[in-house]
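Next comes just one chain, in structure tokens: the form predicted alone.
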Amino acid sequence: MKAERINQYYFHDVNTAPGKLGRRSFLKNLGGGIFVVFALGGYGCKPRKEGDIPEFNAYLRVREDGQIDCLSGKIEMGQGANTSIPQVLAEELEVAINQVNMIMGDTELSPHDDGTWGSMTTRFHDPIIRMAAAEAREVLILLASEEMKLPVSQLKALNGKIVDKNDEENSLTYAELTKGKKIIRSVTEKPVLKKPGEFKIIGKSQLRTDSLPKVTGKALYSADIHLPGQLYARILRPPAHGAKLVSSDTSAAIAMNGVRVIQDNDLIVVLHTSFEKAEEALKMINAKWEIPPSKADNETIFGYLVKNASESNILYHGGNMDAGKKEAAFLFENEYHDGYKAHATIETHTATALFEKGKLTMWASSQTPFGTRQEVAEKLGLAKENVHLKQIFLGGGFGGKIYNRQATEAARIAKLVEGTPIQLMWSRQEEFMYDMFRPAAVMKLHSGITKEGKINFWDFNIYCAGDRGTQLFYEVPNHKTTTWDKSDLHPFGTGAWRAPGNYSTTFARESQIDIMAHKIGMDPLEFRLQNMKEGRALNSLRLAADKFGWTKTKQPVGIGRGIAVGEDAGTLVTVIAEVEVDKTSGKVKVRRVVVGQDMGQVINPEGVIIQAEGCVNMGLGYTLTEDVVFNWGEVKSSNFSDYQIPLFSMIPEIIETSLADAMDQPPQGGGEPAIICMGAAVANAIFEACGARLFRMPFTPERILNALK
């Protein structure tokens, strides 16, 4: 496929970069239509003087053919932003979703964006797009008023037309109104938006706009880019983090037919027209390494973290801790452990790059195309305008593709073989080696309750899991939450995640809540209802409990139910899991999971349900099987044979989601919340099923059997 055809599935005809031209020249080169320019991060922008084009970093365009261009610096990696953004735009502009052309993450076409993470697209991006669409609608009504000689009050937008309220046959299409015109407007004030009762598209389930290309195999990912004369690159890697190259012999690889070996300081790379041949040649290199001594492994890491995480920060503190502890009728002190986890995306980090005439063009599996552009430019000593990352799908990211080592490596190689396109696709072993793991964590919890079951003492110490989602939604008069960490504490890279750290801390908090409830013989649901503040957390709990049909009835032997409540990305979530435990083998089968979410306005209910189901299944892997095995810098987990992600046989037969009706509230994040509760919900269900209380994830059969002893 030729380079100029690579983006054929995105339908855009924009070919001039706002970063390369002044604002006036940029818009002049785009042709006709109505342009609503705005600055992401604010309602819009005002011109410095009358007639001047205002400062902007984004725009929406109603084209002369009636189609709508929407440019976004966000990327699409499976969570449906390329559907939810058109939904809010189409709602306010009164057009069909298929009239909206999304141009996402292209550094020469799209507005700058810091990256796609944290469930921020829906929360912070969609409202700005809505306002721009509402502004465009008002411009179209003004144009129609002039053309039709009717007052604005007598006109409305409907199905891609401006129609006469008294006679809907009397109308003008958007194409007719924009033909031969160029109008530039900015969002200077918050325009009037539709009220929830007027919604036709927002809040209605929509089929993903990328469904057809994905199920037919036409959707393009970085590894699908094939340019004339392209070479595949494989890099010589050390056996452990921190290892130093002592010597290398590349003669056997060089002797292979068609193989090209390049050495540039610390970089030794093998190139061939066949990926398999390049891999074969890489194995022919004889290298010797010096490996640093081990400080800890996956069994001893928890003690190492507690001993060395010396930098503390008190996040929340209230009441009198000494008094609360003294007044408690029952005290509980426990330590919870959670090991390192890999993102384990099916698509490994990949980049396809071509360097010619001083410019680099790249298709990279990156959540941060603009950050990648900057990083690559600095690495190659180029102006960032000479680095172009093109729009491409990602095969999953979960925070792991915020980091772009493969892109800088590919860029470096492409410059060394100037004029020849190269593709660097990490192997699964490289993915495990260089992925930014979710940090291992230790949570120490000391808590107390009264005889009546009211929590009156809470001392939460968190090692290396951070503070996300740790603010208490339980009523506790005497409480303190402290985080402990230190830079360069881990043996390998750690970083962003799907709700980073929140999974670990929720496991500890909600297990502790369950332990306290069982101590006094109180139903876990009743205990939470009694201790929880009135608000959205309580609302999510009631949603899930009602959907599940929770009762105090004792379950059959070997069957258990568990509850966990959490907060992430502005969404309050409750997960209730039902499990079956074989006390002989220690094997767990999660049979049913119910998710209750209070997440404000829901743009695409079906999209939210899909994300909740994905969170449940992904969280199930962290809960039951996934654990990175290592000996300090040596990562022993290298493939799915020794790092087991969920199999189809592990997936619950029933996953249900109940959403709060809050369409009049601002939208919140839906891509991450449900995952945070899986560990705790399953742990609590296992306890009810067989009496095994677990303090370390994952809950392997061996750990369950040991707990039963």
Partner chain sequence: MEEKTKFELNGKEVEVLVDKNQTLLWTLRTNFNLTGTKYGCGEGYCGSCTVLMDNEPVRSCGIAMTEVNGKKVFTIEGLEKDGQLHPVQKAFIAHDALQCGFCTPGMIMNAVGLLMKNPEPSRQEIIDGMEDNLCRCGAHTRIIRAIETASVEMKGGSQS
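Numbering follows the first chain given and starts at 1. Note that the structure is a prediction, hence the values are computed from the model and not measured.
Although it is not shown, the form predicted together with the partner chain is what the next lines describe.
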Practice problem: Let me know the one among Phe332, Tyr304, Tyr232, Phe370 whose heavy atoms come within 4.5 Å of the partner chain in the predicted complex, would you? | Solution: Tyr232
Quiz item: If you check Leu245, Ala255, Ala383, Leu212 against the partner chain in the predicted complex, which one has a heavy atom within 4.5 Å?
Solution: Leu212
Exercise. Find out whether any non-hydrogen atom of Asp467 is located within 4.5 angstroms of the partner chain in the predicted complex, and reply yes or no.
Key: no
Quiz item: Quick one: does Val192 come within 4.5 Å of the partner chain in the predicted complex, counting heavy atoms only?
Solution: no
Quiz item: Would Thr216 sit within 4.5 Å of the partner chain in the predicted complex, counting heavy atoms only?
Solution: yes
Exercise. Verify the contact flag for Leu538: yes if a non-hydrogen atom of it lies within 4.5 Å of a non-hydrogen atom of the partner chain in the predicted complex, no if not.
Key: no
Practice problem: Name the stretch, out of 323 to 331, 422 to 430, 576 to 584, 236 to 244, where some heavy atom lies within 4.5 Å of the partner chain in the predicted complex. | Solution: 422 to 430
Self-check item: Residues within stretch 605 to 621 having a non-hydrogen atom within 4.5 Å of the partner chain in the predicted complex
Solution: Glu606, Ile609, Ile610, Gln611, Glu613, Gly614, Asn617, Met618
